[in-house]
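The chain that follows stands alone, in the form predicted on its own, written as structure tokens.
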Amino acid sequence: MKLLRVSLLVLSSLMISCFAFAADMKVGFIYIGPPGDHGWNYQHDVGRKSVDEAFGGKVETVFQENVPESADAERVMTQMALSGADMIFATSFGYMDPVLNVAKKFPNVKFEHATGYKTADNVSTYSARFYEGRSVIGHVAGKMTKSNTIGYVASFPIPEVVRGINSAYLAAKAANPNVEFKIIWIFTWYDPAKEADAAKTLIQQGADVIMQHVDSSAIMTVAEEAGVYAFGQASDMSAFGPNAHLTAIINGWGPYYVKRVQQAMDGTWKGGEQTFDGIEAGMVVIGDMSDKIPDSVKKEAQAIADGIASGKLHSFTGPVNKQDGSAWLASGETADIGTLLGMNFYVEGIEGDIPQ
């Protein structure tokens, strides 16, 4: 009887120990590509690790990479929810409808969708004003080009990408009235081979500065080999092009992830919210500027970043016309949030059509 009592005490201690070290919350992340892309997915994973660091053993994070924007996304999120995830961050635009479908099945799970615009009682969205960063690097591009041709590798013709092209063009044109943009759409977020081929084509067409809204470092590698300039996308990519890399738009997801997980833990998280932050909130960060950029241009670029952060400057300030010459923004007028979130047109001066 004494042996049984001792055994029960040991078992009870082990159970208490296990529960003591069990996480209070499980948080899942799904990525469109691999965290090793050194771009979009890499920065989201940096944000996930910020959650690990902030909460230690109180929060367990899990992730699934290379999740297509299809029924596979529903399958992965469903499995995460069934395995005990209390909160799921879906980090690509095409996950929007899958998130809503899974959220209906798991009303007690909190969902956050990056770059989307559809919400529900247990679904909130978040995105960064990447276009603010593109105003800064657009200015640098306009000042650094010698051929006056700037190449742009674009992913999908969604408002986020169109906004970026327009803001970069307006800033480059203001810095250098002679610039022109050449844009190649590759209809993928992550395909190093396609990205590299697009960059090579743009260089053949005379571009000596390459911008991108795709995820890998392949374009930076091509730029380095070709002796032209490029910008890091989502993260600093200088390791892949020490001579080519001018600066980078760095996505700062960590503070947002930590804040939202904390809200979920203390019961203040709300569904149906939409977050759209930029330079001022630290969700968009301008990376270190290369020594190849003249000091005067660095100062101008920093002034633009500071002006945007303070609210004194806006990336879309009139007079600005649409591509067809029709009036859009009058002198001094700034774009409203609805037009920005749904942007489906080029500004005047950009050649070519937005694919449908």
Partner chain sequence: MDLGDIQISLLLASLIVAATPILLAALGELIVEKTGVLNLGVEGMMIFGAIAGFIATIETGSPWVGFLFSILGGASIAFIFALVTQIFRANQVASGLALTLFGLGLSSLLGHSYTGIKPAAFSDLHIPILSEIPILGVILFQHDPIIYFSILAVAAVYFLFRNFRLGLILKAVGENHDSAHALGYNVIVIRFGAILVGGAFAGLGGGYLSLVRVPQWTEGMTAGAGWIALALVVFASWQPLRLLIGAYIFGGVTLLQLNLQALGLEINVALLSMSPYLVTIGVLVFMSARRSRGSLEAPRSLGKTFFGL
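What you are looking at is a predicted structure, and each value in this text was computed from that prediction instead of being measured. Positions refer to the first chain, counted from 1. Rigid core here is just the name for the largest C-alpha set that superposes within 1.5 Å across the two forms.
Omitted here: the form predicted together with the partner chain. The next part is about that form.
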{"item": "Partner-contacting position among V284, V228, V179, A198 - heavy atom within 4.5 Å of the partner chain in the model of the complex", "value": "A198"}
{"item": "Among the candidates G271, G278, P255, P192, the residue which, in the model of the complex, approaches the partner chain to within 4.5 Å (heavy atoms)", "value": "P192"}
{"item": "Candidate stretches 298-306, 327-335, 30-38, 312-320 - the one whose heavy atoms come within 4.5 Å of the partner chain in the model of the complex", "value": "30-38"}
{"item": "Check all three, F187, T221 and A239, heavy atom within 4.5 Å of the partner chain in the model of the complex", "value": "yes"}
{"item": "Contact label in the model of the complex: S217 to the partner chain, heavy atom within 4.5 Å", "value": "yes"}
{"item": "Distance check, A90 to the partner chain in the model of the complex, heavy atom within 4.5 Å", "value": "no"}
{"item": "Close approach of A168 to the partner chain in the model of the complex, 4.5 Å, heavy atom", "value": "no"}
{"item": "V109 within 4.5 Å of the partner chain in the model of the complex, heavy atoms", "value": "no"}
{"item": "Core fit, then F63 C-alpha moves 2 Å or more between this form and the one not shown", "value": "yes"}
